[in-house]
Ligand code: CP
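Only one chain is given next, in structure tokens, and it is the form predicted alone.
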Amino acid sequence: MASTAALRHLVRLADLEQSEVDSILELSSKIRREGTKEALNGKTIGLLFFRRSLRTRVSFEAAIGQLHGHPIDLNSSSDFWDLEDREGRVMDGIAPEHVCDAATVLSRYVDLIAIRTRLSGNSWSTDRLDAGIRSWANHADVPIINMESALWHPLQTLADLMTLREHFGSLKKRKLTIVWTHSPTAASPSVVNSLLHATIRSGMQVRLAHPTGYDLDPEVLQEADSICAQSEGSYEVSNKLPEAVDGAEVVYGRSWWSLDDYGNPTLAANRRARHTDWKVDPKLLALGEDAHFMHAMPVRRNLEVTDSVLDGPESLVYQQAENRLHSQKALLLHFLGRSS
């Protein structure tokens, strides 16, 4: 059980000081160059998935194993049951256990818990509260790491920052365009929210390009404004794809929901159908300044991005995916106090 006096969680990357992020990224690169030792020997990490996962699940479990820790991987659909995260409820619904009890008990079994929470998909005003991950953080006696919630995906962003640093070195004044891409299986805006804040904080000049109706959460944008005021970074929003990519050094593709249509799949599909031309192809990428392409994956080939871009020399996609492994090792060592 961790000391509550020193207990910290990672719900979002802003929970870390910029100096801590820099230290984790430096350690990530060192781990990639030099490999790892038995730094987590005797440590047990619980992985709880309330939604499906490929890269996050495998990279996290591999990271723990290669550090000689012991992962316990649980999937809510097959390994345990629904949990109630609302306080003071009369629990007469489907959930037979409250997060407060599960978190307290698991804290006595493991040294850290990483969680990918479930979204209702019905109400953005409810889901955006991230009540699930915050309830775990409130009740656990060991560090909680967010493996993706409605608003944030700090693990993907650490790998993205690592990839950008490997490519550019310093990120100050580098130009990044985040492009909404058409997909029938759009994701939450968590990747984009985290990436936007982190790259501005790192001093990048960011353009956020999306069709009308795909604006990010207003509070996320308000916070981005505040970050700009305190850093050398900047961002602007554009609804015109070619103009937004002009001069970009990196084009980051990602599909995300329209919050205007959240919980209404029919309206959402109708809106998406009007923007099938929002994809990254060689012609679009050529508008950038020797631009490279990034994407968090999974990616729909020849819908979000063409094969020629995804498999071409400009693509950093597989480097991003690999860096999930190295950056998550560094994060685990940072939180378990054995980064040396």
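The first residue of the shown sequence is 1; numbering continues from there. No experiment lies behind these values; they were computed from the predicted model shown.
The next section is about a form of this same protein that is not shown, the form predicted together with the named molecule.
Student: At 4.5 Å between heavy atoms, only one of the stretches 197 to 205, 222 to 230, 100 to 108, 152 to 160 reaches the named molecule in the predicted bound form; which one is it?
Tutor: Checking each option against the 4.5 Å cut-off leaves 152 to 160.
Student: Of the residues L27, A62, M297, A39, which one places a heavy atom within 4.5 Å of the named molecule in the predicted bound form?
Tutor: Exactly one listed residue reaches within 4.5 Å, namely M297.
Student: Which of H70, R271, R32, R55 has a heavy atom within 4.5 Å of the named molecule in the predicted bound form?
Tutor: Looking at the other structure, the residue within range turns out to be R55.
Student: R12 near the named molecule in the predicted bound form, any heavy atom under 4.5 Å?
Tutor: No, R12 stays farther than 4.5 Å from the named molecule in the predicted bound form.
Student: Since only the chain is shown here, I'm wondering whether H326 would be in contact with the named molecule in the predicted bound form (any heavy atom pair within 4.5 Å).
Tutor: No, H326 sits far enough from the named molecule in the predicted bound form that none of its heavy atoms falls within 4.5 Å.
Student: R174: heavy atom within 4.5 Å of the named molecule in the predicted bound form?
Tutor: It does not: once the named molecule is placed as it appears in the predicted bound form, R174 has no heavy atom within 4.5 Å of it.
Student: Would R116 count as touching the named molecule in the predicted bound form under a 4.5 Å heavy atom rule?
Tutor: Result yes; R116 sits at the interface with the named molecule in the predicted bound form.
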